[in-house]
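Given next, in structure tokens, is a single chain: the form predicted on its own.
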Amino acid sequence: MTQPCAHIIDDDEAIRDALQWLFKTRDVACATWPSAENFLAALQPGWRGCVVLDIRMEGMSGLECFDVLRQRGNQLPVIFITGHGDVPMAVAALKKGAFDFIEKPFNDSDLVDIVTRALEIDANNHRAETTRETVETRLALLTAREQEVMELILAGKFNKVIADDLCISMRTVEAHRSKVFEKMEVRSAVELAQLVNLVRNRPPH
């Protein structure tokens, strides 16, 4: 399952069928799961999309499923659907990082809008993660000396200062600077700083 989709997890078959029909009529790809256990058993790390999760289900609850997802490091946006009496629990889930919650009975258009936003955010997160992985791969190509030079470049130091700090010649600094830019595929110190910050300012999971 490589294509992004909305994963509908609800133990009520009628709700699953209704949501599946709703999403298909709005051109939103979806998959349905009768239980949290069933979804978690099938879940693969590369799956993209979002999760539409009922709070009260037989067996594992929606909140328990959400906790397991986060414990596994899975960051798919999770939208809770809930009955009126479950609102305090849904609010608690939001504080833990859930994307949104919507009460039953819900407006179809509101739910589709929320799911569409969640799919867009997941796509953006996926692109950002792919970029970070690319930067990490490039950083791994730097030698220890090139990394030292890079840190001093990022600190805004000129070649002469870097040469003095590392007790090497200006020409050697220039050679290392050139290799750093080549391996990182940048043309300036500003571009270098922007790339490195993507990795160092990575939001915590």
Partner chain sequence: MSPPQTTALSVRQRWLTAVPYLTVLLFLVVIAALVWFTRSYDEEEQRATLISDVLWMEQNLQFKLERNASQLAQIGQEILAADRHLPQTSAALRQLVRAENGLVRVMWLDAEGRLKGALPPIGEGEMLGEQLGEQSAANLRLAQALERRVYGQVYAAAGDRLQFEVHVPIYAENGFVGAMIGVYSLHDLVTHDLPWWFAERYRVSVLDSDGHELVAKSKVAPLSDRQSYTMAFDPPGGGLTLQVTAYQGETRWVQVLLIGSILLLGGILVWSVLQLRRELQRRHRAEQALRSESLFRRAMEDSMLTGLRARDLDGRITYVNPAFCRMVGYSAEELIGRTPPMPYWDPEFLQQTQDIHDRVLRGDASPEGFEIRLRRKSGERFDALIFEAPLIDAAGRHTGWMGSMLDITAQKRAEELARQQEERLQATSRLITMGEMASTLAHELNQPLAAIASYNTGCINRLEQPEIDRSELKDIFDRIGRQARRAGDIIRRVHDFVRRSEPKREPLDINLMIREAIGLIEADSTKRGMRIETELEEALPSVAADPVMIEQVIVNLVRNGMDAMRDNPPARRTVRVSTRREGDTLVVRVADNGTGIDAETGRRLFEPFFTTKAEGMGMGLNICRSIAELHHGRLGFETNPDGGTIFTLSLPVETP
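Positions refer to the first chain, counted from 1. None of these values were measured; they are calculated from a predicted model.
Not pictured, yet referred to below: the form predicted together with its partner chain.
Exactly one listed residue, out of Arg48, Arg56, Arg177, Lys157, brings a non-hydrogen atom to within 4.5 Å of its partner chain in the model of the complex: Arg56. Note on contacts: among Met184, Ile15, Val196, Ala189, the single residue with a heavy atom within 4.5 Å of its partner chain in the model of the complex is Ile15.
Per the 4.5 Å heavy atom criterion, its partner chain in the model of the complex is contacted by stretch 104-112, the sole one of 104-112, 70-78, 120-128, 87-95.
A residue is said to contact a partner when one of its heavy atoms sits within 4.5 Å of a partner heavy atom; Arg26 meets this definition for its partner chain in the model of the complex. In the model of the complex, its partner chain stays beyond 4.5 Å of every heavy atom belonging to Ile9.
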